[in-house]
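Okay, here we've got a single chain as structure tokens, the form predicted on its own, with questions on binding and movement later.
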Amino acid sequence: MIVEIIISQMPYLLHGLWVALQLLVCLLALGLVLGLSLALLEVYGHWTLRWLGILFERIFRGIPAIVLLLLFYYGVTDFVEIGSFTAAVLALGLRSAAYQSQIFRGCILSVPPGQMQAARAMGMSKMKAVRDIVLPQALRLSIGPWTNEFSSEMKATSLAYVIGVVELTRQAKYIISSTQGNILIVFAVVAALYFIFNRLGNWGLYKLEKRLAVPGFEQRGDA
């Protein structure tokens, strides 16, 4: 009986998973662009811009994700009409930017400063040295720690149901309500779907990290 219910409701769960994946891609893309910009400002920017970046990072890392979702959905919509999906992308994307900025900042600082000095001694401008020498190495180094951000945000997409985004968790609630029970089984299936796609994402990122690894540099798992 329960197997038949799960099979019949699977299209709704998969649609919810598709919405969750779209939300994940959008918020991670926003976080990547803004987080990398913040990291560059914090390392190379004027002290005023550096402090603004630090202030942004402290604020968005210091507020729970669910509070940010409610603030953006019920607060911003008082001034600008936006949908629940857009509000979720902004709230979770800006929060992700704060976390990603620290990943990129750490990786930029891990590039030996002698490389920047050598590039400048060869006549390269600071911007060109950052773009062509520092960033390619820092981005490659950031793939490993970025897997944690991927996993964290994949799970955080489930919070978007509180503002009405019909993602995987909300679809599960609908199924439980319509079938009047089966809570454990339905959420077990939902947990399995989150787990599978989380592992698939990490597997792809680990493969990318290994593919881009430069021989002679430290790799994941090396002593």
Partner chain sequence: MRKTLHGLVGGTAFAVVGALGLNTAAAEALVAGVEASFPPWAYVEDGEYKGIAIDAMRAIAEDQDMEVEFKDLPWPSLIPALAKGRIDLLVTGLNITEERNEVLDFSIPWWENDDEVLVAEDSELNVVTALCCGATVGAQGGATQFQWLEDNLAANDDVGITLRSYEDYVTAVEDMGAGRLDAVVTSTDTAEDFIAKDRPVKIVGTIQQNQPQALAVEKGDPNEILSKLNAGIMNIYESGQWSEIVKEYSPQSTIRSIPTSMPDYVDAYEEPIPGYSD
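Residue numbers count along the first chain shown, from 1. Here the structure is a predicted model, which means the values were calculated and not measured.
Just so you know, the form predicted in complex with the partner chain exists too; it's not on screen, but the next bit is about it.
Using a 4.5 angstroms threshold between heavy atoms, Q9 counts as touching the partner chain in the model of the complex.
In the model of the complex, the partner chain sits within 4.5 Å of a heavy atom belonging to Y174. Taking non-hydrogen atoms only, L49 never approaches the partner chain to within 4.5 angstroms in the model of the complex. In the model of the complex, the partner chain sits within 4.5 Å of a heavy atom belonging to F85.
From the list 49 to 57, 29 to 37, 189 to 197, 150 to 158, the contact stretch for the partner chain in the model of the complex under a 4.5 Å heavy atom rule is 29 to 37.
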